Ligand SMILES: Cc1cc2nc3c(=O)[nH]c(=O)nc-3n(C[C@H](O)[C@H](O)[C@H](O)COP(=O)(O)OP(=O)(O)OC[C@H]3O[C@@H](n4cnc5c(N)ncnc54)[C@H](O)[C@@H]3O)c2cc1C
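Single chain ahead, by itself, as structure tokens, in the form predicted on its own.
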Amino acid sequence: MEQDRCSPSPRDSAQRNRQATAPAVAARPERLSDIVENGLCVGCGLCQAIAGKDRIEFVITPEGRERPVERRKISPDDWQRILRTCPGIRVEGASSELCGHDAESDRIWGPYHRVCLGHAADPDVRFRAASGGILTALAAYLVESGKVSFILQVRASPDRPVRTETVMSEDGASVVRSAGSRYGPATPLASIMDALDRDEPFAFVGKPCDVGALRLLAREDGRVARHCKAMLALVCGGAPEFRKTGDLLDELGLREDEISLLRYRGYGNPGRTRIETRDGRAFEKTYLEMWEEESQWCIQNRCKICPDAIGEVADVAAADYWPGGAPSGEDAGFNSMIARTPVGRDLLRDAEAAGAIRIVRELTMRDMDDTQPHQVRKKESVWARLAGMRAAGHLAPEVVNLRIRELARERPMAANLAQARGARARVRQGRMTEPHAMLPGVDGWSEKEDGAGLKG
């Protein structure tokens, strides 16, 4: 089972060590803080897009999480829309209408039309982007071909490179400049209404939970289906809290305001984590040095019980291709790709024909098992983990059409019991809850203390 918390670092403080008391649990959340305090928020930003920035503000908490705070009362209608679309509390798999009646389906990996190995055709994109640059290449192809007007995606903030911001990239060069993994909080769906208000075709690139929320929003807002022409997802190992980055800066003795570049991956596969300072210093760590100790990953609680980290409702989901599940060194960069819908199948075909991507060979889902074994383990374990949470009286996400109960039935009873008991124990120890999110300058802490105390 995954470790649940980062080891203490030198920057632990009173804010960082705030105790999360177990919130009162209802059958459904009654307020926004119920979702946050039960450790179910993924920080996607959709609730703010629905209710408005005047009612919901996102803050970086002292623990390093990006979380919503209700500034003004959310209207009853907006609250119901949040309940129907929040990926923290509702996760749905693909319908036959979405994936097509001719799609194949795998017990672990879900619906698909094609699974293959490839990379960006442009050597520079392949080198700069994470893995083989497939998501960057597909997004650049979509906007350069005129199929969409812009790409809604995230990138490192130019002014504060440690932070992540959402952008609408209107040309291929902008897409490429935004390439690379972001191992920290991001709220890409906070901008979804702005994207829809443009009344133009666009594509979205994000985590599986972001894409799942966008699919749910499509039921509420017909503009999503009309304007969002493709949804692309990375196969996700979990979204770290800001503490992971803060620990790295502390280790190097750096302040946030000294940083001119922070690149987590890319410039090779998997590439080195690289930090540059405004006075010309540079620091690097290999991927394995950065991620070798799982207890130091600082993954959000909600990610550890994610029923869909593999992008089952994306048009295309792209993953690292590392036989055995971890890189053995640097290589030229490859991605496994799952085309899940007819839109995704056609996108891979058209992008290959246009010379934007190169398909090396077809894969099977057993290749996916070998290169992403942790996804297999999580998918098989998540039903029991959720059952353990519910047994302890904790709020848990509602999961639909993702086969998690069926997968649990195939596992030994002892394995399910171990997962359920582990989850129940974490609930009882208070490890599945979060302190309430606070507004800087209002609730007794300074904005300078955000991100688990990032200095600067």
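Numbering starts at 1 and follows the sequence shown. Note that the coordinates shown come from a computational prediction; the quantities given were computed from them, not determined experimentally.
FYI, the form predicted together with the named molecule isn't displayed, but the following is about it.
- Taking the partner from the other structure, the named molecule in the predicted complex has a heavy atom within 4.5 Å of a heavy atom of residue 375.
- In the predicted complex, none of the heavy atoms of residue 111 sits within 4.5 Å of a heavy atom of the named molecule.
- Though the partner is left out of this view, residue 234 does reach within 4.5 Å of the named molecule in the predicted complex, counting heavy atoms only.
- The named molecule in the predicted complex is approached by residue 206, whose closest heavy atom lies within 4.5 angstroms of it.
- Contact check for 132, 136 and 265: all three have a heavy atom within 4.5 Å of the named molecule in the predicted complex.
- Picking from 358-366, 245-253, 317-325, 340-348 the stretch near the named molecule in the predicted complex, with a 4.5 Å limit on heavy atoms, gives 317-325.
- A heavy atom within 4.5 Å of the named molecule in the predicted complex is found for exactly one of 172, 271, 93, 240: 240.
- In the predicted complex, the named molecule lies within 4.5 angstroms of at least one heavy atom of each of the following residues of 161-185: 178, 179, 180, 181, 182, 183, 184, in sequence order.
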